[in-house]
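Form predicted on its own, single chain, as structure tokens, below.
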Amino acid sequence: MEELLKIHDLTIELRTKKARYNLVENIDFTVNEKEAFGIVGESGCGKSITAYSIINLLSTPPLYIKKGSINFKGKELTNLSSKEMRKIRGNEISMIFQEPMTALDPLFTIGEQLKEVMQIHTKLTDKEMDNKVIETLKKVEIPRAEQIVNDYPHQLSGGMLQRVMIAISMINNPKLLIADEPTTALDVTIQAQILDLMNGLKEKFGTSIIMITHDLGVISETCDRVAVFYGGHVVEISDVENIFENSMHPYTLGLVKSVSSLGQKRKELYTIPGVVPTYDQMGIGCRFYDRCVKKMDICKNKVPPLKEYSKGHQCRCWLYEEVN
């Protein structure tokens, strides 16, 4: 597969009056053309701000890219001006945000909000844009598309709004779609429909997808490869099947165990003890140290490198290194 997006050594810094903190640190991963790539981890692990940095939507200040590279189709995105980035955002790279009700403007109709994306990036006539809006809404399986274009966001259900968000993100046929928790707050049946829809769009249009979620079940349904985030670090990368069958990092093992325990006849589901440390509580060593059942002395004082241990399988853990 040809490489579409390459993130290398990305560090995002939070700057306050008193101190500076690395919210994500030394992030490395690639996304190939026509690939669905998952990013999984608990809340507070740095998944969303990594995604926002790709399309230059970090809240600056106080967030800044401290170092690193974000390369898209051979073009370095961190060097682009705001004007240059606007030509890419919503056109070649699109994003589905977590909450469609807050992402959509309540004062404009659905049709007007889809047309706005085309007005920025295309030279279509009003009639051509109207036809494209109807066509795109039908692609995302919205019934009565001709009537829905005149509705306002408050008139639609959560599942319908999420389909509208997908339509907005796909209307200019982007090469890369970033989906940030696209099934949050939707019931299980609607979740399945949205995931099936996204799978279908990827197959039909060849769009690469970055799927950001805390749910390994979503990853298993939609993704080819996955990066596991913890405490602002990538701790493991592998293809999805291998993550479930041959997890290496203790955190990934805990995530998989918590999912697999759903089908077992037991009184309690498995949970990983403790919580993700906040940015001002992270130590100088492995950020999973306080919660890890396999921790060693070196883990407290030194961050392990992210290394490849088999083809396509990378892990950040001292368990697999010769520690003196």
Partner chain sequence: MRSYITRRLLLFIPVLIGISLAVFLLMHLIPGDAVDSLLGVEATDELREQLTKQFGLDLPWYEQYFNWISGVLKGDFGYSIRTGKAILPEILSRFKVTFELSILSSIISWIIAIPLGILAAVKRNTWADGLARVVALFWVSIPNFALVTLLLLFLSLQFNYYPALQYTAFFDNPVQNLKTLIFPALVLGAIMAGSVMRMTRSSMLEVLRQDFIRTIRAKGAKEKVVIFKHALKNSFSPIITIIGMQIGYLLGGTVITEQIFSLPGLGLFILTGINQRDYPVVQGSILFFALVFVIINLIVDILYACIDPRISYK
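All of these numbers come straight from a predicted model, not from anything done at the bench. Positions refer to the first chain, counted from 1.
One more form of this protein should be noted, the form predicted together with its partner chain, which is absent from this view; the next part is about it.
By the 4.5 Å heavy atom rule, the three marked residues 99, 108 and 121 all count as contacting its partner chain in the predicted complex. In summary, among the residues 175, 202, 89, 225, the only one with a non-hydrogen atom within 4.5 Å of its partner chain in the predicted complex is 89. Residue in contact with its partner chain in the predicted complex (any heavy atom within 4.5 Å), chosen from 80, 134, 186, 103: 103. Comparing 204-212, 231-239, 108-116, 69-77 against its partner chain in the predicted complex, the single stretch with non-hydrogen atoms within 4.5 angstroms of it is 108-116. Put simply, residue 144 is far from its partner chain in the predicted complex: not one heavy atom of it is within 4.5 Å.
Although the partner is absent here, residue 52 is a contact residue: one of its heavy atoms lies within 4.5 angstroms of its partner chain in the predicted complex. Its partner chain is not shown here, and in the predicted complex it never comes within 4.5 Å of any heavy atom of residue 256.
By the criterion of a heavy atom within 4.5 Å, residue 244 is excluded from the residues contacting its partner chain in the predicted complex. In sequence order, 165, 168 are the residues of 156-190 having a heavy atom within 4.5 Å of its partner chain in the predicted complex; the partner itself is omitted from this view.
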